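Listed next as structure tokens is one chain, alone, in the form predicted on its own.
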């Protein structure tokens, strides 16, 4: 039986499907849900980004505001489903969202991590990497990965 389900959200189709499954699981198991969103500031600080062309403060503000909206929508959906939930916004500057998710799961005592995955292969996977893959490889607790259904709507 799961008591603490941690779900990572980013507003994408796979994330939305995973989040809805996490709500279903938490409701079924009478578990508490922790919703996490990781802001990857490493993207804004990428070495290829020319300082003269990027307003880093604006990018960081936008990432934080977007993350807050994603978490707010997630908490509203959990509340409507009658699931006890809280949220945490995490930040990384070293392009390691997986490490942040795992650290939070350990700190909080998660029994299960739920995440969406885009299922990228080949060059797209090589270039973009996979947060889900990083979590699965290093997690000390079970991880449930869900791909988006072809018709899954993005999060609000």
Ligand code: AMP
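Positions refer to the first chain, counted from 1. Not measured: the values here are computed from a predicted model.
The form predicted together with ligand AMP exists for this protein as well; it is not shown, and the discussion that follows is about that form.
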| query | Are all three of 10, 38 and 101 close to ligand AMP in the model of the complex, meaning a heavy atom of each within 4.5 Å? | reply | yes
| field | Distance check, residue 130 to ligand AMP in the model of the complex, heavy atom within 4.5 Å | value | yes
| Just to confirm, residue 117 within 4.5 Å of ligand AMP in the model of the complex by heavy atoms? | yes
| said: Is residue 67 part of the interface with ligand AMP in the model of the complex - any heavy atom within 4.5 Å? | reply: no
| query | Does anything in 12-26 come within 4.5 Å of ligand AMP in the model of the complex by heavy atoms, and if so which residues, in order? | reply | 12, 14, 15
